[in-house]
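First, one chain by itself: the form predicted alone, in structure tokens.
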Amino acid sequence: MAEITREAAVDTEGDPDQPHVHKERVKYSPEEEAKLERQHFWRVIDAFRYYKVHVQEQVKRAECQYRSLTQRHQLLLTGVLPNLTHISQCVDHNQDVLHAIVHNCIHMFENMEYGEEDDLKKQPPPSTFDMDKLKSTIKQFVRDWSEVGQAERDTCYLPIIREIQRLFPSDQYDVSKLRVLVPGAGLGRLAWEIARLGYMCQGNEWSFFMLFASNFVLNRCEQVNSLILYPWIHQFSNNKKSSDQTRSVSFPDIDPQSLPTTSDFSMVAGDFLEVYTEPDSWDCVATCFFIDTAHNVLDYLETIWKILKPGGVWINLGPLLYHFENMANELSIELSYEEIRSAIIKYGFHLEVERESMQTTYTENDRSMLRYVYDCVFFVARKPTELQQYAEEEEDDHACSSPPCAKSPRREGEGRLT
């Protein structure tokens, strides 16, 4: 069982209809913050329950548009209505799985109670924003816990795992005592794989959508490929075949309960910046498609520097698709990798590995006529063991800003994963 604990206020996820709990911009009393979090908790529950209504409205709209065609055109498209009927059946099945996911969510945090459910009949329907996040969560099952997602995991997770094994080989370290943190853990597969290798690993996630789903797959799924989702039924464009839209994906591709009994694996819910404040406490921080979720990526950099032990490493892979870039009333600092890299070095990190072109995808529909490929940056940055050494160098080099600059990094050849 992967216990999921709550250690700090869970973010309201940039919902444009709700105030954003951001400690540098808005101050709330503990009572107000608890109320906002409770409202958000139940709104996400409501989104899971509203899924069928939301998607069936899209199906009904497609049917109405088909029936608006002339009889001659309808006769040319005899497969449309049967396909829409099939989509409706897939929606019903997805809803059954989503009901199972939220069934035990109310008491998933042992140190937080969210009270009795509000009368949802008095609440407005979930926003399009929430429903889009729910659809994205469904696709996360493909990425993290299906055989279909294996190729994507190999390009995203394997480089990180291999670096951990290279830097902390089991024949030289007692890996059970090496503490690895995975912020933005999503449905937990990367953290789970690291724990399976014997490392003490903790995943951190602040999205209730992800937390509900990860709680389900990690703690309620035992039989391999025993559950089915239809993740692509919401995609009405760029389908080569009608059957591509309604194809199923089985999960989990491996038994999440199969970790060795000696494994130390956990998931913690909460804002990364608020939860992780203890200095010099982690041997490795592994971030995958994470740093661009920040309002200000330098806050992440600062926190990672603080919590890493001297000699600890930060391993990162991902693009810079800033999540808050186009959100009204949200702080969003969009930096180039060049600017982030400069800040990493000025802060004192050694860049030991750097590859500026590693191609991968994210929750890709491999049969779609439109496919996005991210040309990601991958790096390994080490916090120096002897920080005093750099303080002394700073006195001798007035051109170096504070924190002191690290020495010139060794840049590897541009590794490309295709």
Ligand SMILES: C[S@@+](CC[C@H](N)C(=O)[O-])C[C@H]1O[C@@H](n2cnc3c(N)ncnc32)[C@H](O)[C@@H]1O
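All residue numbers are counted from 1 along the displayed sequence. Since the structure is predicted, the reported quantities are computational estimates derived from the model, not experimental observations.
Below: the form predicted together with this ligand, not depicted.
Comment: 203 to 211 is the region of 258 to 266, 203 to 211, 77 to 85, 243 to 251 lying near this ligand in the predicted complex, near meaning a non-hydrogen atom within 4.5 Å. Checked against this ligand in the predicted complex, the candidates 293, 316, 215, 94 yield a single residue with a heavy atom inside 4.5 Å, and that residue is 293. Out of the listed residues 50, 362, 66, 28, 362 is the one that sits within 4.5 Å of this ligand in the predicted complex by at least one heavy atom. Although the partner is absent from the chain shown here, none of 192, 198 and 283 has a heavy atom within 4.5 Å of this ligand in the predicted complex. Contact check for residue 323: a non-hydrogen atom falls within 4.5 Å of this ligand in the predicted complex.
Although the partner is absent here, residue 271 lies within 4.5 Å of this ligand in the predicted complex, judged by heavy atoms. Not displayed here, this ligand is approached by residue 186 to within 4.5 Å at the level of heavy atoms in the predicted complex. A residue is said to contact a partner when one of its heavy atoms sits within 4.5 Å of a partner heavy atom; residue 143 meets this definition for this ligand in the predicted complex.
Within 4.5 angstroms of this ligand in the predicted complex, the stretch 288 to 303 places a non-hydrogen atom from each of 288, 289, 290, 293, 300, taken in sequence order.
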